[in-house]
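Encoded as structure tokens, the following chain is the form predicted on its own, with no partner shown.
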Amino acid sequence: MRRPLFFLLPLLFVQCSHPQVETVVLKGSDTELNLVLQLAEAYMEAEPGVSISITGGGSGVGIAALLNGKTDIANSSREINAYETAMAYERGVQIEPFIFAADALAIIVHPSVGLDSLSLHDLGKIYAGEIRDWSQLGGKPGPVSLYGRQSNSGTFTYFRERVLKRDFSPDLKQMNGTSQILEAVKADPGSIGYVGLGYLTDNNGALREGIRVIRLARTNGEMAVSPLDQNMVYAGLYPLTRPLYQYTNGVPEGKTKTFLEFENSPAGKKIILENGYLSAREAGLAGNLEK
């Protein structure tokens, strides 16, 4: 029998009614949230003696919870940073990283913007506030409206380090989650935002209405590539492809270990692909679970 799912925002809690249940707690990345929920549902269908609690809030929240002993697995769309590594050392936490999937960070705009491609250089200038009107890039005249994540998000950090290499514009509207960015861009003419690849399509795999996905070029004059072109992404030609991490304290054991193994199994990889993400192996990113 399929066990009931309880959804508590911002907490997503997946619970089974087995009398002897081992609980696995995951906290962190909103980019990974929907994907990990789907993986947890499938895993619990095969493992009746486990309950999985999944909370979002951002990569920084998940890593902090791991350092404080409040989670079994920290979901993170970025690498652990030097400060967090030092804190782990001080607290006797042995960080073990696992790459279970990959994500292409997609740039979306309101269709009225009138552009379908950008270079990373120009994208950085947009988010730094140096380009303030779409006409500066050949688009329809009108002010640029910036949407992004809050600073505790791994996606915020990744985008700043990979694209801007400096601070965001003070005009950036910081949203609590990726879904909020998507809805804001759909409602705001002149808007631009960044979202994980898995958020671009609906439950039927169709591209969501009301947005335009921008093709990206590494430099001005190079070929621009869409994140929706899986062959180009797997070939390493899309410039914003990143690994998705899960961190544990020490080598995982028990149901934590078997859940990570499930994510790396053929059934887990099938779910990853069906949800619009990329297999870490096919994207050329090695997870250390097999090691």
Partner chain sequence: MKSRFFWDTFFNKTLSAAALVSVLTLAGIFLLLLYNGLQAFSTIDIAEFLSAAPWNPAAYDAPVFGIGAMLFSTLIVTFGSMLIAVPLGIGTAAFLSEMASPRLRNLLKPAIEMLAAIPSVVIGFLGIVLVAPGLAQVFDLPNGLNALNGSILLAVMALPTLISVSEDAIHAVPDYYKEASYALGANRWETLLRVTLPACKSGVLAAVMLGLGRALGETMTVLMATGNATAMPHSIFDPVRTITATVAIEMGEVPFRTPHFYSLFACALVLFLITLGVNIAAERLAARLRKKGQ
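Everything numeric here is computed off the predicted structure, so don't read it as measured data. Numbering follows the first chain given and starts at 1.
There is another form of the same protein, the form predicted together with its partner chain; it is not shown, and what comes next is about it.
For the residues E130, D116, D167, E96, the 4.5 Å heavy atom test against its partner chain in the predicted bound form is passed only by D167. Of the listed positions (L260, L33, V61, L26), a single one reaches within 4.5 angstroms of its partner chain by any non-hydrogen atom in the predicted bound form, namely V61. Taken together, the three residues S151, M175 and A187 all lie with some non-hydrogen atom within 4.5 angstroms of its partner chain in the predicted bound form. Heavy atoms of K125 never reach within 4.5 Å of its partner chain in the predicted bound form, leaving it off the interface. Its partner chain in the predicted bound form comes within 4.5 Å of no heavy atom belonging to R215. Remark: Y199 does not count among the residues lining its partner chain in the predicted bound form, judged by a heavy atom distance of 4.5 Å or less. Look at 152-160, 98-106, 204-212, 69-77: in the predicted bound form, residues with non-hydrogen atoms within 4.5 angstroms of its partner chain sit in 152-160. Although its partner chain is not shown here, in the predicted bound form the stretch 76-92 places heavy atoms of just one residue, Y83, within 4.5 Å of it.
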